[in-house]
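First comes one chain, alone, set out as structure tokens in the form predicted on its own.
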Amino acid sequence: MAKYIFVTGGVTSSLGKGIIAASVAKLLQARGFSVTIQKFDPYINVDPGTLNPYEHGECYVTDDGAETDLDLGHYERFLNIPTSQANNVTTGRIYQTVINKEREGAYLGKTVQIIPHITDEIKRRMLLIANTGDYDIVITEIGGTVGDIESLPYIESIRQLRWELGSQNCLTIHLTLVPYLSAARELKTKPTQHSVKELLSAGIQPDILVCRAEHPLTQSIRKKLSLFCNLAPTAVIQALDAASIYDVPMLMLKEKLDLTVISMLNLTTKVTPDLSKWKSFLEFMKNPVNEIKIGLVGKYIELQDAYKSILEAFVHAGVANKCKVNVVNISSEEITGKNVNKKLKELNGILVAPGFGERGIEGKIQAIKYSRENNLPFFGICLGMQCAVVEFARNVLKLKDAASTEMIEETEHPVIDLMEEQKGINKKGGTMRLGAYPCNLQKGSKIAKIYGKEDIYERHRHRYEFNNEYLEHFKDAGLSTAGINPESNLVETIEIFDHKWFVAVQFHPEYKSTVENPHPLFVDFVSTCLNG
């Protein structure tokens, strides 16, 4: 039987429940346990696929095509194992399932209520993931904060499960804030006390308290929290602000959080955690030999979480090259033909980011044109590839009106067009080309050499594609379509072979980059930017 760990948050959002959950999982994994993590989001959207990145950060995509919360990216990057549809559940999905069952008559005329019907479905989902693999431990992160109206059904479900599973088979980790008041020059425990009180009022006694703080917790503060929150002093864990999210597992190891969890769940292990690869990664990350500047050209640059996986992939690739990648955010809306040289000339390379809609498109095209003409390393992802196709069509093929039909529906030269299977689809949620698909790379191509193989699987999230009616025109002009989907003949990659590094892909390689396995495209791109 799997053991269950529930991670809740209090006082404020954005304390880092996902990072704490991933760190606990990493430490337990290093001690020989098979671990998985799932995220329950309390919003009513069925999934984050229709959310603006400014609302909720990037939408992360799994191999099986689930559009999920960005925390699943942290889970994969830390644990180096893939997640799936089962790892992310929203209130919208819970209610959708219950309502569909009610319409089918599955409740035999019963009055459908929050308790037991909604909570039963939540519990079913919490336990279901254990059946997707042979897991020793399942970690469940609850989005939002204790006291939120939308979180109440999840807290109630945890309360019920604690009795059903037994105290030795599950525990609750509560992440809270211990703020520092500079005027008083002291840490304050009262917000944490009230947060725990709120959790107690819902019938849950937290087993472990993880306290985010800017300054170390003194022994007196630990004893105070222990006394007022009904915890053993060893169960009060400090989580100091860290320079990097990758420091957190080591900080939690120092606090013996993994040993506390193992003891409370009555687990046994003789495995000394092997974190040598992790420590090596941190060593190179903190002591780079070189530095480079790469421009991230996009339209959501005000919010770092909008491009979270790309930024982390650059961290991984930088470590692989023993260099620090300084990412320079550049708003594509501010790029014009007149200022593009000024904005890009000091960079070692540029990445044109994914996105949707026409806002900022012309700026992306101007950046790509500058890169192509000045031999500046260029990496395009999803919409970044589509913009590269449009730029090449306009300025090399001289098709001045070339465009994507996403931007100009009646364009004379639709070099990027709506995918055939997307035509006639009106609903937005979960209807794109999603998940991992095969791609055959042309032997001898730059991208095949980078991957070191010719058959790859990468994750997708798009509706528009390269228009194959123009394929021969591009090839004749020197744009190679080196990657092709063997089933649909979809063009997956483009490259210019005599350019220093000009590669763009329709898929999202950033989703598969992890600490232990940095993505080869990012590694090679950074290497070229560094040594080019």
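All of these numbers come straight from a predicted model, not from anything done at the bench. Numbers for residues come from their place in the sequence shown, where the first is 1.
Omitted from view is the form predicted in complex with a small molecule, to which the following refers.
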Discussion item. Can you pick out, from Gly318, Gly295, Pro354, Pro377, the residue that has a heavy atom within 4.5 Å of the small molecule in the model of the complex?
Written reply: Pro354
Worksheet, complete the sentence: With the partner omitted here, the residue among Asp247, Asp305, Glu406, Glu454 that in the model of the complex has a heavy atom within 4.5 Å of the small molecule is Glu406
Discussion item. Based on heavy atom distances of 4.5 Å or less, which listed stretch (40-48, 63-71, 479-487, 462-470) is in contact with the small molecule in the model of the complex?
Written reply: 462-470
Discussion item. Check Thr140 for me: does it contact the small molecule in the model of the complex (non-hydrogen atoms, 4.5 angstroms)?
Written reply: no
Item to complete: Decide whether Ala239 counts as a contact residue for the small molecule in the model of the complex under a heavy atom distance cut-off of 4.5 Å.
Response: no
Worksheet item: With the partner left out of view, is Val178 within 4.5 angstroms of the small molecule in the model of the complex by any non-hydrogen atom?
Response: no
Fill in: Distance check, Gln386 to the small molecule in the model of the complex, heavy atom within 4.5 Å
yes
